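Okay, here we've got a single chain as structure tokens, the form predicted alone, with questions on binding and movement later.
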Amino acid sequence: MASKTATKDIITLRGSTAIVSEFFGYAANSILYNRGVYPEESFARVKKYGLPLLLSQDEGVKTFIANLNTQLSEWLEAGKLQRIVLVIMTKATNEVLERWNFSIETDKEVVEKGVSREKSDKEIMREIQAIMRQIASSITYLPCLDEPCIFDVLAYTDMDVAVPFTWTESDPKLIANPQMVKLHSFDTKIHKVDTLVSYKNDEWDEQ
């Protein structure tokens, strides 16, 4: 009699690190595209996570995200990264309009003892798909960005992490009285990533 069994894939610390850092690169590109931070024509269509996604062809953005992913990978593998925040600001005054917050919980036993975990790759991909779809639909619930914008990335690490020379200490770039939307999360069983976007609520300015 035939039977169907659910397959589990072995997830190592290095493998989980690669999944999370790659996810952030694609998520950052998707945010920059969907929020109109860079011109639509500067993006190229690719397929990832079973979805059509857009990647920036701007050399500055490509280099920034490549260097960022290298550093994130180092912190993730060491279990030192707590949160990544992609901040969208006005180009003219650096006023913060949106904060895309990716909080990371790390299984410390995996980091300290080198053990592995089990989870289906397909299940992880489905969870990431759900986040990517929410980012793509963000235009339906976030205010229109009607002036030129720039972006920056903040990294929250453990206190004992030395600041790399390519990074600088920063204020948290918070938004006063923000609106918040919680998005889906994904979990490799080693790193759990929770996603939240907060944005400037113009209604407060009118009161």
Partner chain sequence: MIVRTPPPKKRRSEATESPNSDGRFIIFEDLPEPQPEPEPSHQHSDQMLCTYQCRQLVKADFLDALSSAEKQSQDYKSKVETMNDDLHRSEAEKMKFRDQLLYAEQELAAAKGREQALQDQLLKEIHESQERLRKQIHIHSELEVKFRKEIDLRKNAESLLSAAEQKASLLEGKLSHVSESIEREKNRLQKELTLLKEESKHSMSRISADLEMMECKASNSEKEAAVLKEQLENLQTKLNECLHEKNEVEKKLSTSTYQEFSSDDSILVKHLREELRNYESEVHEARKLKASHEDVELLREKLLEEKGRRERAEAEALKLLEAQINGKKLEDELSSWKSTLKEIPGVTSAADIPLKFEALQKEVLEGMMKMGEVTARLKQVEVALDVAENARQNVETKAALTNEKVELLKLELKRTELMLSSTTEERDRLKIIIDELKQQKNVEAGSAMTDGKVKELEASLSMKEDLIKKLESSILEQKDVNARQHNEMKLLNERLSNESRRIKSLEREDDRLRSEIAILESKLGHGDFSSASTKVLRMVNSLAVDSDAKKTIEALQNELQQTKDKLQAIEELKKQSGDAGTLVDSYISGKVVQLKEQIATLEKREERYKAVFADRISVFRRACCELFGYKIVMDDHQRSDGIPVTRFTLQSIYAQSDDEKLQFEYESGNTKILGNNYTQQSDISHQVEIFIRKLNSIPAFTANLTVESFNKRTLS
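Positions refer to the first chain, counted from 1. Computed from a predicted structure; not experimentally measured.
Absent from the display: the form predicted in complex with its partner chain. The rest refers to it.
When its partner chain is considered in the predicted complex, Asp158 lines it closely, a heavy atom lying within 4.5 Å.
Of the heavy atoms in Ala44, none are within 4.5 Å of its partner chain in the predicted complex. Looking at Leu51, you'd find every heavy atom of it more than 4.5 angstroms from its partner chain in the predicted complex. When its partner chain is considered in the predicted complex, Lys119 lies well away from it, no heavy atom lying within 4.5 Å. With respect to its partner chain in the predicted complex, the three residues Asn67, Leu174 and Pro178 uniformly fall within 4.5 angstroms at the level of their nearest heavy atom. The partner is not shown here, but in the predicted complex the stretch 61-87 reaches within 4.5 angstroms of its partner chain through a heavy atom at Val61, Phe64, Asn67, Leu68, Trp75, Gln82, Arg83.
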